[in-house]
Every structure is written in structure tokens, then in C-alpha cells.
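Only one chain is included here, represented as C-alpha cells and corresponding to the form predicted on its own.
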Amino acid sequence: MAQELATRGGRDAAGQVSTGRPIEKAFTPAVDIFEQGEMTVILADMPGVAPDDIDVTLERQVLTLTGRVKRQAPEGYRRLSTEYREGDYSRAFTLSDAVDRKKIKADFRNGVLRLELPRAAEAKPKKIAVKAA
């Protein structure tokens, strides 16, 4: 299962992520990837993103996660110092043929995107019967 996905990432010289859309700031969300039974699970941290502002796309073999943060500027305040940086999130993974693309599930709760990537039936180990001569 460990060879079923590979990370992709980075921006080009124009500041665009793999989605091709221009961005102000983009952070790579921290992810945990683990195996659970017959599926791979990805947990991606995207604090400050609303559920409606998340896009999960699958084009060819590339699974792209994008989260947009709505900028918060309190009215009547003049900012003196800023340590917390706001920005959008983007991360891409290349999937192998071992993932059943039609059964991928996504859930977003408390700033964490959870993706379930089930193993394709063709990729599951098969027992081959041996006949005695």
C-alpha cells in the first residue's frame, strides 16, 4: 500500500500551484498517511478553511487538495504585529493504479480533511491454488 501514492508539490515561477490558478500565499498542509485495512487514509491539516472552501480533484492520476482561507481583518483595528500568517493550502499526490478511484471518500471536520483511498480489487493479493500432480 505504501507505493500507492507519491507526493507532488511546489509552485512554478509565476506563483501557481499544480491547479494552474494564481495564488497569494499557499502553504503545504501537513499530512499523515496511514493504512487502515484495505485502504490508505490521508489526514490533511487545513486550519481556518471552511468546508465550502475545499476542493478535492482527481485528474488522471493526480489527486489535488486545495483549501481557501477567507481573510479576516477586524474592523476598527490597526495591526501592530502579525505572527499568524493566513494563506491558502495546496497539496497534490500521484496515485497508482492500486487505488479504486470511484470509491474515494472525503470528509472535513475541525480543520482536518480526511480522505479514504480504497484498494482496487485488481490490486488485492490473490491466493493461487496449487494442484498436486
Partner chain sequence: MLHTRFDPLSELDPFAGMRHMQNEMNRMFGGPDPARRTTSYPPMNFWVGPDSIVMTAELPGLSDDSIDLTVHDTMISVQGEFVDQDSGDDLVWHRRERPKGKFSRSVELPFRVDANKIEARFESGVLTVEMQRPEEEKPKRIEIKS
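Positions refer to the first chain, counted from 1. None of the values given here were measured: they were computed from a predicted structure.
Another form, the form predicted together with its partner chain, is not on view; read the next lines as being about it.
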Report the residue, out of Ala98, Ala106, Ile54, Val31, that has at least one non-hydrogen atom within 4.5 angstroms of its partner chain in the predicted complex.
-> Val31
is_contact(Thr94, its partner chain) in the predicted complex, heavy atom dist at most 4.5 Å = no
Evaluate Val49 for contact with its partner chain in the predicted complex, applying a 4.5 angstroms cut-off between non-hydrogen atoms, and reply yes or no.
-> yes
Contact test in the predicted complex: Glu35 vs its partner chain, heavy atoms, 4.5 Å | yes
4.5 Å heavy atom contact, Asp45 and its partner chain in the predicted complex | yes
